[in-house]
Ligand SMILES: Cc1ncc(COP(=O)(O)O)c(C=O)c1O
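One chain follows as structure tokens, the form predicted alone.
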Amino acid sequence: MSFKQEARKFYPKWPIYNEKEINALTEVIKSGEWWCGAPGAHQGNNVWAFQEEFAQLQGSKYCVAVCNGTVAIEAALMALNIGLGDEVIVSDYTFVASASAVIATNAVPIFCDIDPNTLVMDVNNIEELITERTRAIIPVHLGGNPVNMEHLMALASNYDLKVVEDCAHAHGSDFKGKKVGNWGDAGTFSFQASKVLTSGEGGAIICNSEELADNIYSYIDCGRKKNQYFYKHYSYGTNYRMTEYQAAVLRAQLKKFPDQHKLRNENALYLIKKLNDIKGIKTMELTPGTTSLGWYVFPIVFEPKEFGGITKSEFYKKLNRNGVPTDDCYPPLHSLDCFKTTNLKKGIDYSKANWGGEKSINRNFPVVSDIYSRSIEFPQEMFLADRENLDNVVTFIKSLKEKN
């Protein structure tokens, strides 16, 4: 067992499951209906039921379930007619999927720096990135913390841009009385193994337009139309359908989610207060107007000089080796080899992007480059533990400071 795995033994093991998940899977296997079928001819019922239940959780009219969160972004973009040569503005601080999904549509991601306090897309930087080729924006709600969607939607309206919210971290997050995913044209979610709602893999797209929901469904089900002949394909599409196995597990996980969500928020707010009292430690600030977060990850930023010049790598190792489960944050997109070397889709012109070659140097993305160099994050299952374990985290970080 690695020291990173060892640190997790003091906290709830993720995913959390019981007989409900086991029974749900057993029922699917015994039913012999292992896939969802079609809207007008259900082979199984879990996918269709989950779509309704998740839409209700997120306060949206429509939900289309898919096989993972990456293709959820791709499907939403394709249904919004984003494609060859279009530019899509994406936060620079996110998992590669937020941008690789744009690449999959033959469009070009344009990277936006972040706010140094909230750690999400700085909406004040968006306007300078808009060109005659810009067609969409993907705000990423990192750690469940909403981007300022009120400001962003005003810009999108002024420039006639589509908005696909990347809510992979933000199940249950609220911004100004509205669940994230409902501000833009569509919101995309991931149910990957570490997410706060999980089936190992899986994803979903929510929206409030019936026409868009139908277009998304058509794309993820081979170009079919709802309730039409099964072997009639009306447009280009592919197969990104969710399985009955995934949906059965998710329906059981949904029942656990409200209590877990409440506990994560209570414990995160408790830890925020404790950690921010330590000079040299700063937690992610909630975007003003936020009432609850998904808290998929909990980023903290440290000042090396307050800890005797400790490096990020040393800080990370010391935490894990002393029972504090810690992960690295996402490397900024501009720094990834695939973008620095433009090792992407053949035949697509990436020359006008704000990354690649010398354009990918850190000084062109100063805030995210600085934040990444001195930040780490805690996993979401930490916040399902009791307060004593959270106090131990604070105590150990204080001891690191005292030793230096």
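Being a predicted model, the structure only gives us computed values, none of them experimental. One-based numbering along the sequence shown.
A second form of this protein, the form predicted together with the named molecule, is not displayed here; the remarks below concern that form.
Using a 4.5 Å cut-off to the named molecule in the model of the complex, each of V140, A168 and Y330 places a heavy atom inside that distance. In the model of the complex, the named molecule lies within 4.5 Å of some heavy atom of K195. Contact annotation for A247: none of its heavy atoms lies within 4.5 Å of the named molecule in the model of the complex. Although the partner is absent here, F95 is a contact residue: one of its heavy atoms lies within 4.5 angstroms of the named molecule in the model of the complex. Shown alone here, G184 lies farther than 4.5 Å from the named molecule in the model of the complex, counting heavy atoms only. With the named molecule omitted here, the record of contacts in the model of the complex names 63-71 of 63-71, 368-376, 341-349, 46-54, defined by a heavy atom within 4.5 Å.
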